[in-house]
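Coming up is one lone chain in structure tokens, specifically the form predicted on its own.
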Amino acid sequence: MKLLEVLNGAKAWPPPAWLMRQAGRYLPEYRELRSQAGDFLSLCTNPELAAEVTLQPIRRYGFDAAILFSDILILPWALGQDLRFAEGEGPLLPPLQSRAELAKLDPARAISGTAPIMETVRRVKAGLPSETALIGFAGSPFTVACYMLDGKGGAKAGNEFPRTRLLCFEDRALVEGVIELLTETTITYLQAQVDAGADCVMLFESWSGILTSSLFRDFVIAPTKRIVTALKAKNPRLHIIGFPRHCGLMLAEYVTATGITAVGLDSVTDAVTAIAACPPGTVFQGNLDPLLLRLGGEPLTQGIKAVLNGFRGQSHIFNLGHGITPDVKPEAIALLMDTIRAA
């Protein structure tokens, strides 16, 4: 598998490619299945439909990897926190108010609650071409904690998760408790995905950019290191991709201290700067701006070539700096893959 070869340190040209949110609302075949499921949570927990959604972009575009179709908030839902997805609002949860409420969440429920996800992994693995890797994933503890404590996504840019940010100072013990619970259950959750057939796993730290450097070390680096250490103790050859979105100058420390195999880069991170900052041999993933997929044509082609050239000579997995948006035309993804293959 080309993706696993790069994760092992190979420098492939052209690089392997997959895209965050490659299975989703921009595909007409996804929208058709989504209408059958009823609601988003029902789709995520229906192994037959979730497996089909995971495989759709592989059939259409031939990506080098499939990523499990699920959601980072499946874990708090499985632990016992209510979750619903409201049209136009995204995920909604009752915010955890106290350590007493946190204590009511049950780690034992997570195993049975995520059983449908493991069945999806098994079905996808059985349906994939032999050359295509399967990526399992979870939200990193701090990012998932943001939703559990605020109850929804950030209201606007620059003011993401205001309650969580305040709680880091006002009730640090509550934040630490949530992260502790999530760290332990994430280890179990990801290990179950590996046991079910995932070839590698990814940790999405989508909101690391809202933390101070000291809090980043405590709430991002430390739990990530624990997860990586625990998973690799059981699976020494397991590859783990970390995505500390908008972590800025903390990038090198994240790579060095956590022990991840590869680091995903957001769209604002410069290739030259990232390569210079990180240890030699770092495997990079990213980092095309998803906006270019909406534009298509020459702007997209030039953006793809800029990313390819920026990481040429490095161990690199082509991807986006964030996920595909629903308004992208499928033809833009075809152009992207054609451009990469022709490099």
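Sequential numbering from 1, following the sequence displayed. Nothing here was measured: the structure is a model prediction, and the numbers come from that model.
We do not show the form predicted together with coproporphyrinogen III, though everything after this point is about it.
With the partner omitted from this view, the residue of L211, I72, M118, L79 that lies near coproporphyrinogen III in the predicted complex is I72 [heavy atom within 4.5 Å]. Taking L27, I67, L288, V283 one by one, only a single residue has any non-hydrogen atom within 4.5 Å of coproporphyrinogen III in the predicted complex, and it is I67. The partner is not drawn, yet in the predicted complex one stretch among 200-208, 96-104, 226-234, 187-195 has residues with heavy atoms inside 4.5 Å of coproporphyrinogen III: 200-208. Remark: all three candidate residues (R34, P91 and Y147) come within 4.5 Å of coproporphyrinogen III in the predicted complex, counting heavy atoms only. Coproporphyrinogen III is not shown here, but in the predicted complex it comes within 4.5 Å of a heavy atom of F40.
At a distance threshold of 4.5 angstroms between non-hydrogen atoms, M20 is in contact with coproporphyrinogen III in the predicted complex.
Among residues of the shown chain, Y254 is not one whose heavy atoms approach coproporphyrinogen III to within 4.5 Å in the predicted complex.
Heavy atoms of F219 never reach within 4.5 Å of coproporphyrinogen III in the predicted complex, leaving it off the interface.
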